[in-house]
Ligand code: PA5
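Here we start with a single chain on its own, the form predicted alone, put down as structure tokens.
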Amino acid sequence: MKNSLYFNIKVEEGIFEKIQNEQKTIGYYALPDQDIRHLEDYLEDFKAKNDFDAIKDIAIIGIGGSSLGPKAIFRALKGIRDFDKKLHFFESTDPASIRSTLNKIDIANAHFFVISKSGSTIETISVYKYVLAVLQAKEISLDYRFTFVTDDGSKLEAHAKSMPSFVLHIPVNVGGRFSVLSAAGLAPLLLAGVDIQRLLDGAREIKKSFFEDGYIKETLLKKATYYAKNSMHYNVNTLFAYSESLDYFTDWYVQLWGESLGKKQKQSSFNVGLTPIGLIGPKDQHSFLQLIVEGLRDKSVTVLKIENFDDKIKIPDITLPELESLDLMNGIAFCDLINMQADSTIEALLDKKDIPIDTITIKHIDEENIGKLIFYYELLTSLLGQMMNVNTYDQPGVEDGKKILEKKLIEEKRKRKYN
């Protein structure tokens, strides 16, 4: 994983030590070093109680951090590898989405993950109830049909123990949007056939490089310092990934960045934040790039490239009538074309001289490199949270909406009772 920076800035003193101290209380830092034997034991238990080969569909019922991480990883790897099992995601209360997802699943031979850290996420539990009702209506056995992933001691765990099922825990000090490398992300990916140890190996390499004065330390410290010091000017951060396989990774980044950094500062009523935008090249060259190049100078750009796509399909050597001028692309591999497009975007933005830009290049898509990307962005988010003086790990703005929704549901129940 290579990272090119165009920022020349003095790093804030003491910030590295603050991140070192954070490791004592924030649990995601420890996830790359975890022993995965508990997940291997879970897999063996799963195989003992299910016809593992018959299961072709694995469905995750969760929202936000409970689904975006595994979705991003599986989507990236699916482009380079054939998996025996498919992952599906119930992450909305949109009825059309629920029905559409169910129609793609052979529910008699499917396994469902219900993922909620608190154990009381309204969106997750509502969809779980619907799926449960569908299974019951079809008289499909519920025995070991579900894996529940939640906090130790939550009400959801208590419910899970009322039926033959599997229960896994999210570490108490790991927040939902930082939980992809915990059981919340690793367990469904393990069932699907992803090499979760290699994911962790990649994350551990970034962790080691950062905390043991490796190449990534200065990169992340300078990048975070630049963003923090210019957060009022360049307050929109765009991740421009040049591969369709990374579209859900950009979604994961948007949630991680937005929910972690959009806050009131500690001991202050001053609101701060950085607005994340996820883009995919080259298609967004024909839409959002115009706004970056000629619009307000409030955006920074990170271009994410893949050095080797492991796919050498080429543009055929065909001459089309009236389009002879486009023969210059004949014989070029698509992997080379897309990287030429990425490089052209980078050069065009650099020419403007007032658009901050950096590039991240990964050698190719695999578990190890995706693990590196995940931990890179988690560390960057933590650094920015410290520099912007916010609590990176809470989400009071989200909780306000949950409380209002709960009041609306109580009122709706009261109305139904008396009508």
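From 1 onward, residues are counted along the sequence shown. Keep in mind that this is a model prediction, so the values were computed, not measured.
Keep in mind that the form predicted together with the ligand is not shown, yet the notes after this line are about it.
Although the partner is absent here, residue 379 sits far enough away that none of its heavy atoms falls within 4.5 Å of the ligand in the predicted bound form.
Using a 4.5 Å cutoff between non-hydrogen atoms, residue 65 counts as a contact of the ligand in the predicted bound form.
Although the partner is absent here, residue 255 sits close enough that one of its heavy atoms falls within 4.5 Å of the ligand in the predicted bound form. Taking non-hydrogen atoms only, residue 259 approaches the ligand to within 4.5 angstroms in the predicted bound form. For the residues 147, 345, 182, 121, the 4.5 Å heavy atom test against the ligand in the predicted bound form is passed only by 121. Residue-level contacts in the predicted bound form: of 276, 176, 281, 202, one residue has a heavy atom within 4.5 Å of the ligand, and it is 176.
The stretch in contact with the ligand in the predicted bound form, judged by heavy atoms within 4.5 Å, is 110-118, chosen from 231-239, 110-118, 332-340, 82-90.
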